[in-house]
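Okay, here we've got a single chain as structure tokens, the form predicted on its own, with questions on binding and movement later.
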Amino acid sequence: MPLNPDRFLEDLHQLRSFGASGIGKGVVRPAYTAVEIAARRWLASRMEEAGLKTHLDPVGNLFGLAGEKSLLIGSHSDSQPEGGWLDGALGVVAGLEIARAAKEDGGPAISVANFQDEEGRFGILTGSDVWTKKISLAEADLLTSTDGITLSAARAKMMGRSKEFLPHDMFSGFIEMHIEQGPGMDASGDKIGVVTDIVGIREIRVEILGRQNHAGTTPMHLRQDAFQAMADFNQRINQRFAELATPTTVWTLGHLEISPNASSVVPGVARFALQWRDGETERLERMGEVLRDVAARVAQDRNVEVNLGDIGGIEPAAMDPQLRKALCTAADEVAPGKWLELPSGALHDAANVARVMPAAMLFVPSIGGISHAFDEDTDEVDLVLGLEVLDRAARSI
């Protein structure tokens, strides 16, 4: 039996119902929340119905296994605090449909992966970080979300159902299908993207401690205003990072907290996260050095204390040449003249998995280049086309 596009789309829409929120097809399904765990259980039931053996590891990664040796296809099902219905979910459901169709018509052994906390509620690609042994489970357990919950406490909700970590050599390789999450393909009209490499990323949490004081009686020249120091920090970072950047280098200051956050009080504390991405490790490291220099200068000039957390991140990752070739061949057969090769500016589990086995990625276009938002979407015709390309490539490997 060939692929069943209707079944694929039905599963994708059903997964969206877990945490459906906001406008359009928005989803709120952060890692380890009740609705995310419910979605993971539903996916496990669909894997079992497809004849796959389910396996939940200690960090919450879910696998649907087709045998002792297989090709692994998947992504993640957790979302951003205000996310879209396709980010990650597309890759998991595509893997499920391809594995199911292969089971039904005696095709190759295809297993499915649904990694936990790809979106970074606790770390960066937390589930695949731990599975690929980039960090230990003990280290991961100490990670804390922005709302003060440790990963150890969060994953305790899944205790009793988890088993051991699966060995990497069970799988011949890994392919992840994903929306592009950028405007390139939507603007060019290309329908399929074969990823050449994935950018590296660095992220740090910063705390600025000033002096909380009365907003009406504290002279401007005597203020130790944490918010103004943060604004100064941001301006300097923008200027200094721009001196190092290429056209594809990006950085973001986000998740800002001001205390006491009152109009009549000079802010005493500012906390925020800074993230930067680039395809070269050397540039990422130089940007880290600039960050430390800017922090020291702001502390001195503004008479505040600037505390830097540990810098976390992942290195740039090249995709496997043989898996890329299989995807390119399939794209040329299914969508001639409508595909291209391109780098990924977004971070994905495939970057981690590439450390332990051959890995590759396939993109479909994002309408308007929108992602990490409630109105994220892709034409369903393009979703099915991507599924067909991935299926043909998987069967050729």
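No experiment lies behind these values; they were computed from the predicted model shown. All residue numbers are counted from 1 along the displayed sequence.
There is also a form predicted in complex with a further copy of the same chain; it is not shown, and the following applies to it.
Stretch-level contact analysis of 254-262, 122-130, 321-329, 101-109 against a further copy of the same chain in the predicted bound form, using heavy atoms and a 4.5 Å limit, identifies 254-262.
Of the listed positions (223, 191, 134, 283), a single one reaches within 4.5 angstroms of a further copy of the same chain by any non-hydrogen atom in the predicted bound form, namely 223.
The partner is absent here; in the predicted bound form, the one residue of 195, 230, 314, 113 having a heavy atom within 4.5 Å of a further copy of the same chain is 230. Not displayed here, a further copy of the same chain is kept clear of residue 338 by more than 4.5 Å at the level of heavy atoms in the predicted bound form. By the criterion of a heavy atom within 4.5 Å, residue 275 is counted among the residues contacting a further copy of the same chain in the predicted bound form. Although the partner is absent here, residue 51 is not a contact residue: none of its heavy atoms lies within 4.5 angstroms of a further copy of the same chain in the predicted bound form. When contacts are judged by a 4.5 Å heavy atom cut-off, residue 345 counts as touching a further copy of the same chain in the predicted bound form. Annotation for 192-210: the only interface residue with a further copy of the same chain in the predicted bound form is 203 [heavy atom within 4.5 Å].
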